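Presented below, as structure tokens, is a lone chain in the form predicted on its own.
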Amino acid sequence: MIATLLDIVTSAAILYAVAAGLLIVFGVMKIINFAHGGFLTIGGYSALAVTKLGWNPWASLVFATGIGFVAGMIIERLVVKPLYSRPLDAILATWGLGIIIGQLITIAFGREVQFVQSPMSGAIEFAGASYSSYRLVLVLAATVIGVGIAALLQKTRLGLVTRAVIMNEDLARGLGINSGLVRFFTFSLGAALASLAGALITPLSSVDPNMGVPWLVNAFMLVLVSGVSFMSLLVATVVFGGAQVLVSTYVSPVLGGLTIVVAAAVLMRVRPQGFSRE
């Protein structure tokens, strides 16, 4: 029972880390960044590069975040910025971009499944149960990400202008806020968070050019039911992540993989605003 509860908590933490970057882009730019899975893959291969170079595995987190941020800056300027007034085209462009990222990674690293070195190994005793120490560390990592985003949005001038753009971009521009710069930073930050999440999750599984696709699907559904609220995202990850764990454990791992998509679709049918209070 304790192991199942820990699985629910750690799964929710992983999902939160994966979806946070997608939500922050959606909240400001009002588009779903379908290149999010590609940025996750970049993070995974950043961790693989760190492993091949023989660096400390913890360095992969900093390395992946930096690579993701720089990639986000370049892509926002060259691909996304010209499409601000055409949100549907922006969605299609990011979808195509995700495919391109996967192909470039295939050319550079090959198609085979590869593995990265985990920063931690072994298990620890928790509440009478032996549990993976690295999965517990992921709970701390997700907490840091959540607190960091909250502090950025609530305690800084950048957060103030970002919230203004989220609430009413036209009014924000009328007050002299450079919404283009806010969008630039937001997209870059979202890409950095996605790459960081990719580096965090790879020690639990493996690395391949398509690793970001299933995570993108789940993150997309979580964002849909969360609106633009990070608190709603937290609720969604706990509820749906818990459901996924329970279905995978007691019914079927195959059905467990479909749980978030199905549950989110049902919720949106019954309650169109999802977990958002609006």
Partner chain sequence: MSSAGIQGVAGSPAVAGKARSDFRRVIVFSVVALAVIGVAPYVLDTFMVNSLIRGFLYAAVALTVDVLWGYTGVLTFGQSAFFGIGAYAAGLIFTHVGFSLGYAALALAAGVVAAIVVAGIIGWLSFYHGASPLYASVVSLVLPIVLTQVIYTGGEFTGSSSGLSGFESFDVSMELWFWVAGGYLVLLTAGAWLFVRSDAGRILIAIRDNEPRCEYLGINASRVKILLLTAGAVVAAIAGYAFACAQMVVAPEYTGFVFGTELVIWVALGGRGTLLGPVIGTLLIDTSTSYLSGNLPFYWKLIIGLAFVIVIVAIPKGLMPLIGGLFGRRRGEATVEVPTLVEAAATPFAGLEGAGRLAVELKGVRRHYGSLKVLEGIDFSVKRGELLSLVGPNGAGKTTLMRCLSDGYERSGGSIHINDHDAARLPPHRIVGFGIGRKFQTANAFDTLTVAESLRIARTRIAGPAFFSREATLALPKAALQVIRATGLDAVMGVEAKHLSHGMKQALELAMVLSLEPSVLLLDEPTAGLTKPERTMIGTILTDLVRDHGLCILLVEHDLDFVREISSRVIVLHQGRIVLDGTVAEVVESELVRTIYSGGLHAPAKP
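Numbering follows the first chain given and starts at 1. Everything numeric here is computed off the predicted structure, so don't read it as measured data.
There is another form of this protein, the form predicted together with the partner chain, and it is not shown here; the text below is about that form.
- Exactly one listed residue, out of Met221, Ile67, Val28, Val245, brings a non-hydrogen atom to within 4.5 Å of the partner chain in the predicted complex: Met221.
- When the partner chain is considered in the predicted complex, only one residue from Val139, Met73, Val79, Ala129 comes within 4.5 Å through any heavy atom, namely Val79.
- Of the stretches 52-60, 38-46, 235-243, 211-219, only 211-219 has residues with a heavy atom within 4.5 Å of the partner chain in the predicted complex.
- Using a 4.5 Å cutoff between non-hydrogen atoms, Val207 does not count as a contact of the partner chain in the predicted complex.
- Heavy atoms of Ala123 never reach within 4.5 Å of the partner chain in the predicted complex, leaving it off the interface.
- Contact between Pro119 and the partner chain in the predicted complex is not found at the 4.5 Å heavy atom cutoff.
- At the 4.5 Å threshold, heavy atoms of Leu97 reach the partner chain in the predicted complex.
- Using a 4.5 Å cut-off on any heavy atom, the residues of 91-120 that reach the partner chain in the predicted complex are, in sequence order, Ile91, Leu92, Ala93, Trp95, Gly96, Leu97, Ile99, Ile100, Gln103, Leu104, Thr106, Ile107, Arg111.
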